[in-house]
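Encoded as structure tokens, the following chain is the form predicted alone, with no partner shown.
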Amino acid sequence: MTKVASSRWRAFRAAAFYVTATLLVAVWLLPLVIGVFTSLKSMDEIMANPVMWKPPKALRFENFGEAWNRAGMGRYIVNTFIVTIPSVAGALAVSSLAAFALAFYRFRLNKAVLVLFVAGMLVPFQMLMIPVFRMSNGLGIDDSFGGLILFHISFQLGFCTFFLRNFMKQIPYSQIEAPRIDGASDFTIYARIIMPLALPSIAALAVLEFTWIWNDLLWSLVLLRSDAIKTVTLGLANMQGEFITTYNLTAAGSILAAIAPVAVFLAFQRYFIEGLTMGADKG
């Protein structure tokens, strides 16, 4: 193959790649575009024109205000913050302690405990709905923020511990031995040496956990009944009527609900990428 032909082939492959990538991104963004257009339309326009991806004739930004006030999205979003922030903080605090022990303590059941954490990740949550409901009802913690937060922390411990333990295993053991010889306690080593080194992985994990817990519907549906403490996913589900659905308000509420996870990702984007790629070049 001549240099000219080779150059043309590379240019063709590059053009094909960019065209394919652009089409994939466009297809991926299509539901978001439809949601934005729907949120800015009136119900009359939605029912009159079945073409969902057609831009609105008149922009109705008041749909967001109605979703926030009349549909109660403001209260649901506040409730979700009340649940999500303590759940993420609790899961990271407990799992980082467990990961520290599994990464640096040498005891006979170390691998067995790690397998127990990993096994908990493999159990489908749907199988636990009835046991969790009966347990929470028996303990009197159902239909409360505290009960939901407790179960979120419990069910996220397996993945968080596994994730942080694998990262901490990359830290040289000398980082533990040297301060221990100097008389530092294990908690001091954990708080002042290991946690600062693990900050990128913790930030990446925090973004994932925030998104998962924020978007959770299953445990909110199982454990919450009172409308005053329902989370944003239950609030969106409540907007689906039996005979008619206000599609524009539901779309507006969905966009309002997505702002917080997107903002968290953008705020911690650098740490998120660094935490996920750290150690990828090591054998």
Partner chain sequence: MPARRLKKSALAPWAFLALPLAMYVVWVIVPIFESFAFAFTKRDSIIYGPVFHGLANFRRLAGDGQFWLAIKNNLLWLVFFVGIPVPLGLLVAMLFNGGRPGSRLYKTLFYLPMTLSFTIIGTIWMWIYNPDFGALNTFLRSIGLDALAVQWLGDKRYMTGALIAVGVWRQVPYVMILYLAGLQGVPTELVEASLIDGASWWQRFRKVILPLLLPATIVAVTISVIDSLRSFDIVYVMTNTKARAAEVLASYMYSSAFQYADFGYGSAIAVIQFLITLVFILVYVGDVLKKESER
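Positions refer to the first chain, counted from 1. Throughout, rigid core stands for the largest set of C-alpha atoms superposing within 1.5 Å between the two forms. Since the structure is predicted, the reported quantities are computational estimates derived from the model, not experimental observations.
Although not depicted, the form predicted together with the partner chain is the subject of the following passage.
Checked against the partner chain in the predicted bound form, the candidates 206, 198, 132, 77 yield a single residue with a heavy atom inside 4.5 Å, and that residue is 132. Taking non-hydrogen atoms only, residue 251 approaches the partner chain to within 4.5 angstroms in the predicted bound form. The partner chain in the predicted bound form comes within 4.5 Å of no heavy atom belonging to residue 68. Using a 4.5 Å cutoff between non-hydrogen atoms, residue 247 counts as a contact of the partner chain in the predicted bound form. Although the partner is absent here, residue 178 is not a contact residue: none of its heavy atoms lies within 4.5 angstroms of the partner chain in the predicted bound form. Annotation for 125 to 159: interface residues with the partner chain in the predicted bound form are 125, 126, 127, 128, 129, 130, 131, 132, 134, 135, 136, 139, 141, 150, 151, 153, 154, 155, 157, 158, 159 [heavy atom within 4.5 Å]. Core-aligned CA deviation for residue 231 between the shown form and the other one: less than 2 Å. The Cα position of residue 262 differs by less than 2 Å between the shown form and the other one after fitting on the rigid core. A movement of the C-alpha atom of residue 52 reaching 2 angstroms or beyond is seen between the shown form and the other one when the two forms are aligned on their rigid core.
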